[in-house]
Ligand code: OSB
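Listed next as structure tokens is one chain, alone, in the form predicted on its own.
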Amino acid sequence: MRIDRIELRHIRMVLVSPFVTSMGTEYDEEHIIVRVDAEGVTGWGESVAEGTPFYSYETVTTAWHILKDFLIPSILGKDIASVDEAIAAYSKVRGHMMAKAGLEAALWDAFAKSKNISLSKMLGGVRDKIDVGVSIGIQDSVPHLIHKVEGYLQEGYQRIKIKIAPGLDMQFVEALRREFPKLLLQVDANSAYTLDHIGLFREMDKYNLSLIEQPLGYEDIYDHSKLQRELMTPICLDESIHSLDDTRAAIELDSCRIINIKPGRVGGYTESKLIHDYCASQNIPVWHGGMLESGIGRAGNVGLASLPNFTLPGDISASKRYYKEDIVEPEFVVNPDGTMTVPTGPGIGVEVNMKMLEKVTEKKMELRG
């Protein structure tokens, strides 16, 4: 397949409500949309690098630079027989996983469309529906949080995840467990704590949480092994896992018992599949994280989450959870049974709403082979 043209778009989409985590408050989401045109086929991908370097060192600015000056020139105008061949072409580029993931996603979409199969099937998916959960940012009061949870449960979500930070933790966990004794509940710290907080997590251990996500440092694996030894609740690693090698180290050290897979964080679907397969071989369940993607990235997430070892509900919420209007048609919805339907059309299985995409585009660039 000859790569004829690649387009980059810096988009900004306003959130329906502020999203508060231990890293700060987000009011909108900046990402890069990647379009690959190859022999009459168009593939779409999304780089989830944000406007700030708070979750990752990558930002929209760095990802744009790496895509424009290094990744795209390595494949533009060339005949590429597979996604693996494209990855090999830019393998000299170290790191910059979110930039790589955006381009790789567009290539997966294009190759799937060229074969007239869904992305799910091309990746090895086995489900026509996936279980989904919802992530709730830090709220200003317990009653407000309870009200939010009630609303999401009525919408059908099977699992609730709440963000926590020092001083904004136990009161929310205690209240939710008291109000919803059987709720599938997990917490996400986004690396806000240290081993000095071990007493807090021992207390949290009493509340039948499904997992505690990334409590310690965002690059740490070793200290998490110390914390996991003290807890019955499984630790799930997110920010610490950038590759299959990180996954192997974390499992070998018993630093976690669950892995959150985000294609953007690990460089794309190819590395995600390797992590998925290895975790399956070690009886470690995985689930799909979210980065407040538009419908383009969300479509890819749904396809990946249809693989067999994604056994826990993921952070793949309905489009309306974050945005008044998405940039794809149809928009993603949650079914009454708390699932989301996996698209069956070629590639990502949804159409890009070009009018809406233009509306949210702040900058674009076209490169031709």
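Quick note: we count residues from 1 along the sequence shown, nothing fancier. Being a predicted model, the structure only gives us computed values, none of them experimental.
The protein also exists as the form predicted together with the ligand; that form is not presented, and the subsequent description refers to it.
Considering L292, I221, L176, V83, which brings a non-hydrogen atom within 4.5 Å of the ligand in the model of the complex? Among L292, I221, L176, V83, a heavy atom within 4.5 Å of the ligand in the model of the complex occurs only for L292.
Consider the chain as shown here, without its partner, and state which of W64, F332, Y322, F310 has a heavy atom within 4.5 Å of the ligand in the model of the complex. Spelling it out, the residue with a heavy atom inside the cut-off is Y322.
Among 106 to 114, 227 to 235, 204 to 212, 185 to 193, which stretch has residues with heavy atoms no more than 4.5 Å from the ligand in the model of the complex? The contacting stretch here is 185 to 193.
Quick check: do E26, S135 and K262 each get a heavy atom within 4.5 Å of the ligand in the model of the complex? Yes.
So in the model of the complex, does any heavy atom of H96 sit within 4.5 Å of the ligand? Because no heavy atom of H96 falls inside 4.5 Å of the ligand in the model of the complex, the answer is no.
is_contact(E58, the ligand) in the model of the complex, heavy atom dist at most 4.5 Å: Taking the distances in the model of the complex, the answer for E58 is no, it never comes within 4.5 Å of the ligand.
4.5 Å heavy atom contact, D315 to the ligand in the model of the complex: Yes - in the model of the complex, heavy atoms of D315 and the ligand come within 4.5 Å of each other.
Is K161 a contact residue for the ligand in the model of the complex, using a 4.5 Å heavy atom cut-off? Looking in the model of the complex, residue contacts with the ligand include K161, since a heavy atom lies within 4.5 Å.
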